[in-house]
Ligand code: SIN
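In the form predicted on its own, a lone chain appears below as structure tokens.
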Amino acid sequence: MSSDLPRKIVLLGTGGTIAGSAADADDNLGYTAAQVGVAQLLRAIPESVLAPFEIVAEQVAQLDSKDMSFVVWRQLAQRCTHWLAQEGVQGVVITHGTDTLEETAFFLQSVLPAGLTSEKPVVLTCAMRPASAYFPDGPQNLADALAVASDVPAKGVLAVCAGRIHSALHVQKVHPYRLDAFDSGDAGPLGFVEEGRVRWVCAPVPILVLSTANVEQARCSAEPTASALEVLAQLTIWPRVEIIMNYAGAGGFMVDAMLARSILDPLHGLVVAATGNGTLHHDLERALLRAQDAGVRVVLSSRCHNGRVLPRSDAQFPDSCGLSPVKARVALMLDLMLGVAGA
């Protein structure tokens, strides 16, 4: 594409704080998320910044991301696939709430066709202050996301916030209030956006993760054997996978209670946010073994922000291959769905 032609970027809105509004401009806490349309968000960005782009704006959803749903995930995946397949589109930007951004990013990286994301990026961005604030951070984050989405090396699913570029695999929200609320742990950011210019410090290579392959056998590198989007389109009920945390004095009550209720509301999987290198209180471990014997898939993650659970030969449960608890949950749900569809 000639550098003289506008760079076509599709902007998909889902709501969040970036689209939030409060009665007073000095109120950065008591706002209501998802009040401003995605087209209106563009008006806060100077024309000189938007000039290099041809932007197609589409409102996919309008919600606080704490209320993110499987229905919206499926719609996002379908719209991303549609637009990425268009010849003139260079990339897709998604405005999203911060609370579950890392889960949405990981989900999209897991289900979008690799043939599309290996050539074009999907960039999620957000804000920690509402659009009504005296000094909102949303316009800068959105401008940075547009710069990343149009940068030739960009590919895969990325997240952009406070001038940092994160991969979908590693990004996590690590602070409840500050503007630089996201981190990539010991992997570090992929790059930075500096005055509209993108500087990569690590090649943004899309990583095939274990969300579409068996958690115990894939070991983080298997190619999906079925179209995840086709499976998602057919299913009306997603498998129930819950997260349990280990802590001092943890028992098995919650696990046993979910098992007892499983007749009415089937439990398909449990992800454990274990302490340290996958350690478990003995009472919780016994309950998890009972769940595993009952046919519930159990995956071990760590509640530690950095590092990963290192597998042991005597482990009772498979580990999450370094995924955080919330991303391991997404991975296990997708694995269970593809397993059901392929049975």
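Numbers for residues come from their place in the sequence shown, where the first is 1. For clarity, every value in this text was computed on a predicted model and none was experimentally measured.
Missing here is the form predicted in complex with the ligand; even so, the following discussion is about that form.
- Non-hydrogen atoms within 4.5 angstroms of the ligand in the model of the complex: do 13, 95 and 142 all have one? Result no, not one residue of the spot touches the ligand.
- Indicate whether the ligand has at least one heavy atom within 4.5 Å of a heavy atom of residue 285 in the model of the complex. No, residue 285 stays farther than 4.5 Å from the ligand in the model of the complex.
- Partner proximity in the model of the complex: residue 168 to the ligand, non-hydrogen atom cutoff 4.5 Å: Close contact is absent here: in the model of the complex, residue 168 is far from the ligand, nothing within 4.5 Å, heavy atoms only.
- Verify the contact flag for residue 274: yes if a non-hydrogen atom of it lies within 4.5 Å of a non-hydrogen atom of the ligand in the model of the complex, no if not. Residue 274 lies outside the contact set for the ligand.
- Message: in the model of the complex, does residue 31 come within 4.5 Å of the ligand, counting heavy atoms only?
- Response: The answer is yes: residue 31 has a heavy atom within 4.5 Å of the ligand.
- Message: Please tell me which of 123, 128, 255, 190 lies within 4.5 Å of the ligand in the model of the complex, judged by heavy atoms.
- Response: In short, 128.
- Message: Exactly one residue in 155, 164, 173, 268 has a non-hydrogen atom within 4.5 Å of the ligand in the model of the complex; which is it?
- Response: In short, 173.
- Quick one: which of 44-52, 285-293, 57-65, 299-307 gets within 4.5 Å of the ligand in the model of the complex, going by heavy atoms? Going by heavy atoms within 4.5 Å, the stretch is 57-65.
- Query: From first to last in sequence, which residues of 228-256 have any non-hydrogen atom within 4.5 angstroms of the ligand in the model of the complex?
  - Reply: Contacts from 228-256: none.
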